[in-house]
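Quick setup: one chain, the form predicted alone, written in structure tokens, and binding and motion questions come after.
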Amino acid sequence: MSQVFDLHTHSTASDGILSPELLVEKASHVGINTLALTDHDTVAGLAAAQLAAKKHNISLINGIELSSQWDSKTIHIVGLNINVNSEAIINATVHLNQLREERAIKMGEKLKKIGIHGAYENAKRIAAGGTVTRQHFSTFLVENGHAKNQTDVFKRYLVNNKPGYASVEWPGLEETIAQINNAGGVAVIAHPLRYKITATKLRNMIKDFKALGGKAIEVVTGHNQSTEIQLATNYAKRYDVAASVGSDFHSGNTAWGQLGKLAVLPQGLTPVWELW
């Protein structure tokens, strides 16, 4: 049986809609046999996911998606095959969730100033003990008629220069990559073509990432556009980094980010799973 990988997914431990157990079950049903759960800044869902993976006879890679910063830009770095009990990862999640909590409080205060009350409290409720993200605020705003859908709510409220946006200074790339490496994992740039930076800056970011100990970039993502796959392939070859595949699954309610719908990794690249 051929290996079918998805190495970037989310559960209710952060901002996905499926519990870790249901995520694993769904992955199994769509033919994935190697899955990484990579929730935002938390490893809280991994123990349950590992138990479910045994039940469904698939390989579960311990992962995380860490919020980081490069050149004043928020960048997401996926850590794959990490030791979830490592001091580096535990310390990272504690610090990042403190930053997220501070941001959530600020977002709630900003939305209150424009007449939207209870946003922070309801985002916490929707997160149900998981990591609070902008997605939870978005869900509240849509449910209460402040926007027609998730895309609309981000454009109107939750991005830079909009009334619900609160900035946060995430740890730098060097710290983030070191935390993943110290946990025995592989650092991967998530969806490298999705950052609103120039091609020159992206090249510089990949060069810095590799120089700091980063090992891979996502070449096949949930967007699956052939031109983007070719571009990312070129970057992986040019900078001699490994290639990862990941849907960035959250809910399945969008045209992108679907489980079991990833394109095949192009030939001539080093698959990230060969690094562990």
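These figures come from a predicted structure and were not determined experimentally. Residue positions are given as counts along the sequence shown, with the first one as 1.
Keep in mind that the form predicted together with a small molecule is missing from the display, and what follows is about it.
Residue (of Ser86, Asn181, Gln150, Thr93) lying close to the small molecule in the model of the complex, criterion heavy atoms within 4.5 Å: It is Gln150 that has a heavy atom within 4.5 Å of the partner.
Lys215, His56, Lys26, His250 - the one with a heavy atom within 4.5 Å of the small molecule in the model of the complex: Exactly one listed residue reaches within 4.5 Å, namely His250.
Interface membership of His146, the small molecule in the model of the complex, 4.5 Å heavy atom rule: Output for His146 is no: heavy atoms all beyond 4.5 Å of the small molecule.
Contact of Arg103 with the small molecule in the model of the complex (heavy atom, 4.5 Å): Yes, contact at 4.5 Å.
Thr176, heavy atom within 4.5 angstroms of the small molecule in the model of the complex: Answer no; every heavy atom of Thr176 is more than 4.5 Å from the small molecule in the model of the complex.
4.5 angstroms heavy atom contact with the small molecule in the model of the complex for Tyr195: No, Tyr195 stays farther than 4.5 Å from the small molecule in the model of the complex.
Contact segment among 115-123, 129-137, 182-190, 201-209, judged by heavy atoms lying within 4.5 Å of the small molecule in the model of the complex: Checking each option against the 4.5 Å cut-off leaves 129-137.
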